[in-house]
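Single chain ahead, written as structure tokens, the form predicted on its own.
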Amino acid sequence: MPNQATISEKSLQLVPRASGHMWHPMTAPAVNSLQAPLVIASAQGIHVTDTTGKTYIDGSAGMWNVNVGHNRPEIKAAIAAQMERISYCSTFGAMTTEPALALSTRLAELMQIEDMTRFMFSTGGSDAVETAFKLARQYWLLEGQPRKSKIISLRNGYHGLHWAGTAASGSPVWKAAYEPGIPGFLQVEGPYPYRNPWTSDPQQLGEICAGILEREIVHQGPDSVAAFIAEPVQGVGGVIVPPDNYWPLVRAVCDRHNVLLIADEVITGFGRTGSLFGCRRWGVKPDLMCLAKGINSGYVPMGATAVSRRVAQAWEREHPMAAIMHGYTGSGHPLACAAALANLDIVIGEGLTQNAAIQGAHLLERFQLLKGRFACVGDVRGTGLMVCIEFVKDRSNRQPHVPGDPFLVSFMQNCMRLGLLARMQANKLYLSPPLVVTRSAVDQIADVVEEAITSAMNVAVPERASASQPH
């Protein structure tokens, strides 16, 4: 097999051609054609290294998903061992593999609090959401209420980029090029504490937004609404942490009107919020849960849809429409399941949920200091290792920087120059490092962000003893 040096040399040779032959998600090909991509050659722990040898802190944990860090020997060994037995087997019909069975049992144990008892495996978060929508509609068909088919979601929500997930996602940016979409999907306002037209009181905001959901269900007719879907903490929409009363109120609204509650835990699941699952933080039991990303830290693509005991019982009786006519070639892929089992042992055994809570609180504290220092920092928010800085041109009226603003461009260039990879969406900076991040690394992230802001504003900043380059 080629060694890493040979792979890197070949990658460097391919860079000038990469933009011409490879299209990248969520960007315009013409934009990418203007510069060669950043080619990542290797990774270890919380760091990634490009083909020039420069190392960065992976401030995004890949795509919110490399929770246990890169290059974990336990996961690699589990995948290799499974490959020695069988690397692929279909789970269609009445066939499966040992790791798929073991993973379903493990998940049921971890999700006893939510009373999840059945799982459909897939190959990612978008798959998991698509599965949840199909199962929600089929559930009501089996319950003798076929008109219950509409799905309600939040305007700032993100639920993947499959056809139904796009319909449920809120931003027009994700939809405009592909409309018209699927009918029967509706959005309502969600609780955005920093930007809402009603109140600065969190409890009141939770009540208002739960009330908006209830009015929409009543307006549509409860006999036509199948489910409400939301992320416990909105990720791509801006790391929006809802008021503490919002999710319990939403659960009550769904119960009053006989509507299923789907928790999209693709980002929040498996410890990132400082709770093992986002909905658990508020003591809420959804009817279905969408899982991916942290289920096996992205080592092999995987997703899962969890079904509660109450919902699963609809498939336990005879019905001509009870067959689940849905699935993916990679559903229950044995390598993905083996990786997930090893990954979950690390998450639980190393207390990564607790570490996310501790290190995330410290990162928020450091960023709050930036808010006090820089007028361009409009809001700092997050929970666990989901943290966001929202930049503004004018804090008094919360006017946001527009995409492509010279300040934002300079800021992101400075972050990369200083050895930090992070995501910027519009005027929002997202930090979601691996859950194995240490206190010193969190301080390093905060120091880089501070220096990057200062340099972008052309303001001198004193050196700090804790600031250092990634190693």
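Worth saying up front: this structure is predicted, and the values here are computed from it rather than measured. In this text, residue numbers run from 1 along the sequence as written.
We do not show the form predicted in complex with a small molecule, though everything after this point is about it.
- Comparing 334 to 342, 213 to 221, 118 to 126, 355 to 363 against the small molecule in the model of the complex, the single stretch with non-hydrogen atoms within 4.5 angstroms of it is 118 to 126.
- Taking non-hydrogen atoms only, residue 272 never approaches the small molecule to within 4.5 angstroms in the model of the complex.
- In the model of the complex, none of the heavy atoms of residue 132 sits within 4.5 Å of a heavy atom of the small molecule.
- Although the partner is absent here, residue 236 is a contact residue: one of its heavy atoms lies within 4.5 angstroms of the small molecule in the model of the complex.
- Using a 4.5 angstroms threshold between heavy atoms, residue 382 stays clear of the small molecule in the model of the complex.
- Three-residue candidate spot 367, 389 and 450; no residue lies within 4.5 angstroms of the small molecule in the model of the complex by any non-hydrogen atom.
- Checking 158, 277, 139, 299 for any heavy atom within 4.5 Å of the small molecule in the model of the complex turns up a single hit: 158.
- This chain lacks the partner; the member of 267, 151, 347, 103 within 4.5 angstroms of the small molecule in the model of the complex by a non-hydrogen atom is 267.
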